[in-house]
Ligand SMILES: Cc1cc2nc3c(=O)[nH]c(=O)nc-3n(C[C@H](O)[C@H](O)[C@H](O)COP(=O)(O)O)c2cc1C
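Starting off, we have a lone chain in the form predicted alone, written out as structure tokens.
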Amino acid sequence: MQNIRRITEDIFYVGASDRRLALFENVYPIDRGVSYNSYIVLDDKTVLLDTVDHSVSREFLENVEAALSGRALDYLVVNHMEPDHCSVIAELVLRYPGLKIVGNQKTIQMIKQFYSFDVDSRAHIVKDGDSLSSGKHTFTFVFAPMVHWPEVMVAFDSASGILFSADAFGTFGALSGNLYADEVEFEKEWLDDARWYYINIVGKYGVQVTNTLKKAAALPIKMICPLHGPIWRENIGWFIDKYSTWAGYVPEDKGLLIVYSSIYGNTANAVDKLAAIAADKGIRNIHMYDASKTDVSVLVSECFRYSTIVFASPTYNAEIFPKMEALISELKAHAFQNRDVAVIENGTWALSAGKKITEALEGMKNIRFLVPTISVKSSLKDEGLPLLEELAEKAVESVNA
């Protein structure tokens, strides 16, 4: 059964949501599912903007057929060639023999890598700033390389003021009837997923995102239609500001984040004491995560969110505890920077985790250490409390700066 949604008089949503998928990209646990957005314009020429993942292909194809209502599909604009947005291209080619595929040179090359049909005969290659008219609508293509693949572009429709933004401004989470961000409690129910999505999927490429935002600022945008998550038609500036913050690698919130690993509970006890001391000194925004129980992608997102971070880990086989090591590695991969940090290590006979964490963080840009590494030998003792007191004082200064 088709389930198309009208966006404007002649623009329709033809995407679908997947609540069965457990891991997005086989990496990120998505308990709330994900939407795969696609849009169709019914003008003198018909234009489909991006396709979907195989998991929702049946619903998508039914939606496209219903929206066209017997008309041919003239153009497919491919803003992004990642398989969750391009898995149905070959099926569309079979169903609509006259279909032209609009993309840049890198897009067309990637289509050839995924598919074996005659791509060149269907290719309509565009350059940065080129436009395509379908009649009333004119689409201008703005290249956005590495947001987050090298071929990515966005399409701006001057007639409607809609920016079809590819993966930019997307978020995890399936759509549940409400299509627009202003129809849901976005800040309360969706912002964490939006941050998590951005930091893990796009976050490494902050410079490229900033450049794209500068290009977008010159456009008279009335609506943003991303490839994942709700559509933006109100309070757009607020969400763009969030993207600017994330892309600038600056903390979104002033607060103390404590991420720890603990084998037998002694490291956990030490950071629990630290959190209590910090609270007594006036810090109200304290968040703690056990790295062994929380997916590393969530930890990466939270590290990008907060201003002040404590990493606490036992030594394990003379190395960093594996779950903490995974987090540090992921932070490096995502260009983590511009934070105040502290390191707490634990060990009974070979303290080395702290040195290795510190060395890794020192290799990242503009990381400021609040205090030297604090070493706990087996368990926290009274003589270790002054060190936690000092760290808590420095954390107060950092959070209040």
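Numbering starts at 1 and follows the sequence shown. Values in this document were obtained by computation on a predicted structure and should not be read as measured data.
One more form of this protein exists, namely the form predicted together with the ligand; it is left out here, but the text below deals with it.
Applying a 4.5 Å heavy atom distance criterion, does I263 contact the ligand in the predicted complex?
I263: contacts the ligand in the predicted complex.
G347: heavy atom within 4.5 Å of the ligand in the predicted complex?
Output for G347 is yes: heavy atoms within 4.5 Å of the ligand.
L42: heavy atom within 4.5 Å of the ligand in the predicted complex?
Flag for L42 set to no.
I'd like to check something about T315: if you look in the predicted complex, is any of its heavy atoms closer than or equal to 4.5 Å to a heavy atom of the ligand?
Yes, contact at 4.5 Å.
Which is the contacting stretch out of 50-58, 23-31, 350-358, 336-344, given heavy atoms within 4.5 Å of the ligand in the predicted complex?
Among the listed stretches, the partner-contacting one is 350-358.
Exactly one residue in T267, T171, T212, N79 has a non-hydrogen atom within 4.5 Å of the ligand in the predicted complex; which is it?
If I apply the 4.5 Å criterion carefully, the residue I get is T267.
What residues of 168-184, in sequence order, lie within 4.5 Å of the ligand in the predicted complex by heavy atom?
Counting only heavy atoms within 4.5 Å of the ligand in the predicted complex, no residue of 168-184 makes contact.
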